[in-house]
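Quick heads-up: it's one chain on its own, the form predicted on its own, in structure tokens.
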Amino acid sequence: MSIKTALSTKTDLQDVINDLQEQLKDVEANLIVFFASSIFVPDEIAKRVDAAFPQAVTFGCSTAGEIISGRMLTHSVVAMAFNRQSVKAVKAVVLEDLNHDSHDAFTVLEQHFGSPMEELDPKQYVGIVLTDGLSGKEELIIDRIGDLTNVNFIGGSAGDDLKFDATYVYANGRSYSNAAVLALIEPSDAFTFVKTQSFSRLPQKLVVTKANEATREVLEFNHKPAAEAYAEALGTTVADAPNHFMHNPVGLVFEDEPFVRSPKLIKGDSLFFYCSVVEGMELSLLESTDIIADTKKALETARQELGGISGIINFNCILRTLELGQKGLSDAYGELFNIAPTIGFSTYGEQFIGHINQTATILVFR
């Protein structure tokens, strides 16, 4: 496979485009995936990247930090170029209004690939999904995808450098909000997935006994006010509980693997989350462990499975990025990805099978 990455830390957009073109000039790209800081005007960066690579499908999103082989960055643009020896076919479509159904978008994909989505081989095709990170619609999109195809879609929610003002997805020269990009890819070789979250399960259980799913609000755990029950599980006060959000989220445990739900804020007696929590769900209190060791092990497992790695796309939760920064481990995390051409970004949520938090969902190509 021929996969190559590029980056620019320039602030002038034309300088950025020049950087990317120069670094990728030897690749006859048919696909460009790019992730860009929110310092760049959305419509302009989408249009100029697309114009700079006229033979390629281009898509990406705004970020809360960027990742490239060996480094974690901010206020930059990172890109990955694929040629026809690495990607046989690709099509990117946009769900322009997340309140409407996605059948039309899937019809476009079916027409392009000449097969119903439910008949595509999940070992031959892979999907990437990028979503407006402030839309609150990630669960809806992932559920729709799961209803329509067995192809695995992996991805992340767009960020805006922690401003929480506006996030954007990009496709084929345009930018979109309240939207999602669905890209269906047929790689020329094998691929696999890494889902790594660095938490151990504690014995405390929190059953959701009252919730507002639409607003991601839990009103009660264990028939007690949610904020009070969470604080009790931690052995602390409601006032102190937010100080534990990053290191002690909760998780839906399936086959001994936690699918993390991260608390966002306490308002009154309620606890608000970054992803959906529904009534009847039994959650375990979690405790953070070693992100570096866990990620290194997961990447090595992927390498052994594939027999080698030619490219990596990493959708890494902004809360993991912040934790790494607090612990002085950002450089060590970046260095893990020196093993192969890598791009990625710090997300406002991660998608793989479902919508999750404080996780890295990673697409790995052989």
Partner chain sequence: MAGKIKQMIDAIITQRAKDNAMLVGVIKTKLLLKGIDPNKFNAQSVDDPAIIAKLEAVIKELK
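Positions refer to the first chain, counted from 1. The structure presented is a predicted model; accordingly, all values stated were derived computationally and were not measured.
Although it is not shown, the form predicted together with its partner chain is what the next lines describe.
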Out of the stretches listed (221-229, 136-144, 78-86, 165-173), which one is close to its partner chain in the model of the complex, meaning heavy atoms within 4.5 Å?
136-144
At 4.5 Å by heavy atoms, is each residue in 30, 112 and 302 next to its partner chain in the model of the complex?
no
Just one of 243, 177, 150, 289 has a heavy atom within 4.5 Å of its partner chain in the model of the complex. Which one?
150
Selected contact from 272, 259, 199, 125, since only one has a non-hydrogen atom within 4.5 angstroms of its partner chain in the model of the complex
259
Would you check, heavy atoms only and a 4.5 Å threshold, whether residue 281 touches its partner chain in the model of the complex?
yes
In the model of the complex, does residue 210 come within 4.5 Å of its partner chain, counting heavy atoms only?
no
Is residue 93 near its partner chain? Define near as a heavy atom within 4.5 Å, in the model of the complex.
no
Examine residue 294 and determine whether its closest non-hydrogen atom to its partner chain in the model of the complex is within 4.5 angstroms.
no
At a 4.5 angstroms cut-off on non-hydrogen atoms, which residues of 344-364 are near its partner chain in the model of the complex? List them in order.
353, 354
